[in-house]
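Take a look at this single chain in C-alpha cells; it is the form predicted on its own.
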Amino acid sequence: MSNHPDAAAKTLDTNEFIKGLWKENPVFIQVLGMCPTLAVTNSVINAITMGLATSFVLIMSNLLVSSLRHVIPKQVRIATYILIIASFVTVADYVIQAVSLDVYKSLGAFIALIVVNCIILGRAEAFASKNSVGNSLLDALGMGVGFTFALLCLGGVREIMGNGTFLGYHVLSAHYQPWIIMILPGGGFFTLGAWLLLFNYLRKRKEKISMQ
C-alpha cells in the first residue's frame, strides 16, 4: 500500500457524486443559488437550460481548478477562480445565444450572473482546490445534476400550474384555469417552500428510521 500523502486523494469516490443529488443537494439541502432558482424556473425549458449551463461551468471550472491547484498561488486563488469561472460562463452564454435566441432573452442577465453563483465558487474553493481531478469531476457532476434536478422540480410545478403546460405542451384540460401567480416571482417562493418542506420531511424521516 502506498504511503504517499496524495494516494487516498487519487482514489475515486462515487459518494462525491451521490451527495450532490440528495445528502448535500445545493438547493434543497444547502439552499444555495437562490437567485436563479427563483427567477428562471417559471418554465421547464428555462430551468433545464440554466441547470445545464451552470453544470457545464461547474464541471469545467472544477476540472481546471483541480488541475492547477498546486500551481495557483494562495494569495490570488479567489481571483483566479473567478477568472476561470467567467471564461466558461462566456462560452455558455454564446452557446445558448446561438442555439435559441428566445431562451437566451428569457434568461437575460441570469446567464452572466452564473459567475457569482455561490455553488460554483464554493465547490472550487472547498473541494476542487483540495482534491484530485477525478473526485472533483464527480463532485461537480453530482452538484450539477442535483442543481438541475432542483430547477426542474420547480420549473415543472410552476409551468404546469401556471400555464397548464409542460415543455410547452398542454397536459391539463382545456377547462383548467391557470394559476398566474405560479409564473410570477411569488409563485417561485411558494413552490420552493413546498419542496423544501417535502425534502426536510423525507430527510428527517430517513434519519429517524436509521436510528431505530
Partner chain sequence: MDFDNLSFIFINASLINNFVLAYFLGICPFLGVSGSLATATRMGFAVIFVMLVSSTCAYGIHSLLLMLHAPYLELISFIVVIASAVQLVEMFIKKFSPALFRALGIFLPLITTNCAILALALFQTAKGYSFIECLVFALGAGVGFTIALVLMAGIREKLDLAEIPDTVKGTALAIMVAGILSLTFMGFAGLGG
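Since this is a predicted model, take the numbers as computed values, not measurements. Rigid core here is just the name for the largest C-alpha set that superposes within 1.5 Å across the two forms. Residue numbers count along the first chain shown, from 1.
The form predicted together with its partner chain is left out here; the points below concern that form.
Its partner chain is not drawn, but in the predicted complex it has no heavy atom within 4.5 Å of residue 21. In the predicted complex, none of the heavy atoms of residue 12 sits within 4.5 Å of a heavy atom of its partner chain. In the predicted complex, its partner chain sits beyond 4.5 Å of every heavy atom of residue 145.
Within 4.5 Å of any heavy atom of its partner chain in the predicted complex lies no heavy atom of residue 168. Residues 190, 192, 193, 194, 196, 197, 200, 201, 204 are the ones in 190 to 208 with at least one heavy atom within 4.5 Å of its partner chain in the predicted complex, listed in sequence order. Once the rigid core is overlaid between this form and the one not shown, residue 23 does not reach a Cα shift of 2 Å, moving by less than that.
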